[in-house]
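One chain is shown next in structure tokens, namely the form predicted alone.
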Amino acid sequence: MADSGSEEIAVIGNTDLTPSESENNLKNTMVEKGTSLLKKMEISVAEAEKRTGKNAVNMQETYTVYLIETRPVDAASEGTNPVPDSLWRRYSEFELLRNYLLVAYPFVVVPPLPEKRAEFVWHKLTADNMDPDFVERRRVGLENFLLRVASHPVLSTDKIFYSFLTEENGWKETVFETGFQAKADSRLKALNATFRVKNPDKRFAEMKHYGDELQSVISQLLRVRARAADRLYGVYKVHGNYGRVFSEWSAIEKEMGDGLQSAGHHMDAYAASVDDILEEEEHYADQLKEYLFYADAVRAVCRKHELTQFELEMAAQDLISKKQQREELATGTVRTFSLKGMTSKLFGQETPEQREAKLKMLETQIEEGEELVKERKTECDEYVKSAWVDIERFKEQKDHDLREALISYAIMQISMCKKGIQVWNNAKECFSKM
């Protein structure tokens, strides 16, 4: 199928990024800090094209590529209109870019990609990912993804993202050279942290729960909308039957014929308009789907915090254990039911030299443990600070986008109802003239 060769990677962020590496990510820029790439470059996904070729296992496949066009904003403001730079990308390359961003910037609510295969479809829509209408909607979604990233205060400054937009060859090699796949957290590791963390941040716990609820509510809304679209389609097509009956009736009437014929034409036009209306509805459904997928990005940031907090707690717990061992060795008191206590019972007490050597080793381990706890604490605090700034940015964006989408959807529904009323008013006038 279209993108069957794409690599699926379960990532929620990168546990192995040190504070210095995170800082390097912020400095790894193509534009100055605080300025988004979108202010310097026009970006669009201009068209989609179906191609056929051989995949990695030498089998023939059909896939879709998307044309990315970029041009400097300065050129447009100066009145010139240069030919834009352009390159083709597959959907799997967009996936690779997003997976890299998830690992490199775990504190960011990374914008989602449009769906790979159609979900929440009504009966007139196909789930085929090669369907032209679906490919066109996905083209719009991919452009929206690029614009979201290009306008983000942190993601837009990434060199890998810039090369994705401007370098057709060698881009994948550059991504893999970063080693991001080896740094990706496994879902099992994240799940373990979720259940074992003792002191989760209440704000992140609530935000994670909100992500679950948001996904559930939008899923229900999309299902309701799909059912409503099915019924709406049926209502409109029934008006097509009105048109056919009025036209047939007009053929057997002399005085009433013209009025019936005109009413039939109004009904036919009304029935034919349903396709454009439902196509517009799909546009609003895609806007809702974006936030359906955004919910998982929010949860990923929260899961990463749980993992960071869990690692801090484990380091602190290990340090406490080492200090307790030092105290036992220094005082000579050993807990009877500990492993050390049972060993002493079976094999006798250690010699003073052995105890001294162990004490020195424990002192070294305690020093290292204290440094690790301090490092984990700094990492956790920095993550909380950075992540919460981006979550607040996301919430503001979400409130604005969903409000505008729902208002526009309501206006569309009102307009659609007015057209229905107008059709019947026109039919009424036709009947009055008979």
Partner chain sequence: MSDPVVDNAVPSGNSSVAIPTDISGQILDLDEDDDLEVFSKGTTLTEGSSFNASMQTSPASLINQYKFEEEEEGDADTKDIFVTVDNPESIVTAIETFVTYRVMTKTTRSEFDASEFEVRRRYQDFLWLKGRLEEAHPTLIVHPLPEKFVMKGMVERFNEDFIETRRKALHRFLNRIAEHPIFSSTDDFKIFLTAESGELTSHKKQGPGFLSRMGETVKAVAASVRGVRNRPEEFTDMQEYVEAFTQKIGSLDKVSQRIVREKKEHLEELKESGPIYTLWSQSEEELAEPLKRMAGCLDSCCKETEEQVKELNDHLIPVLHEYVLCTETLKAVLRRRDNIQADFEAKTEALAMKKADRDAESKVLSLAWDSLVGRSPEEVKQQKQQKLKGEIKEMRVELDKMEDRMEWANNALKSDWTRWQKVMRTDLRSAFVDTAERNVNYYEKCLAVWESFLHSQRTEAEGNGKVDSS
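Residue numbers count along the first chain shown, from 1. Here the structure is a predicted model, which means the values were calculated and not measured.
One more form of this protein exists, namely the form predicted together with its partner chain; it is left out here, but the text below deals with it.
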| query | finding |
| --- | --- |
| Candidate stretches 353-361, 110-118, 314-322, 207-215, one within 4.5 Å of its partner chain in the model of the complex by heavy atom | 207-215 |
| Proximity of V384 to its partner chain in the model of the complex, heavy atoms at 4.5 Å | no |
| Distance check, N169 to its partner chain in the model of the complex, heavy atom within 4.5 Å | no |
| Non-hydrogen atom contact L402 with its partner chain in the model of the complex at 4.5 angstroms | yes |
| Interface membership of E173, its partner chain in the model of the complex, 4.5 Å heavy atom rule | no |
| Residue (of Y236, F310, Y100, F164) lying close to its partner chain in the model of the complex, criterion heavy atoms within 4.5 Å | Y236 |
| The unique member of V73, L87, V140, L232 whose heavy atoms fall within 4.5 Å of its partner chain in the model of the complex | L232 |
| Its partner chain in the model of the complex reached by all of N199, R203 and E370, non-hydrogen atom within 4.5 Å | no |
| Residues within 4.5 Å of its partner chain in the model of the complex, restricted to 376-412 and counted by heavy atom | K398, D399, L402, R403, E404, L406, I407, Y409, A410, I411 |
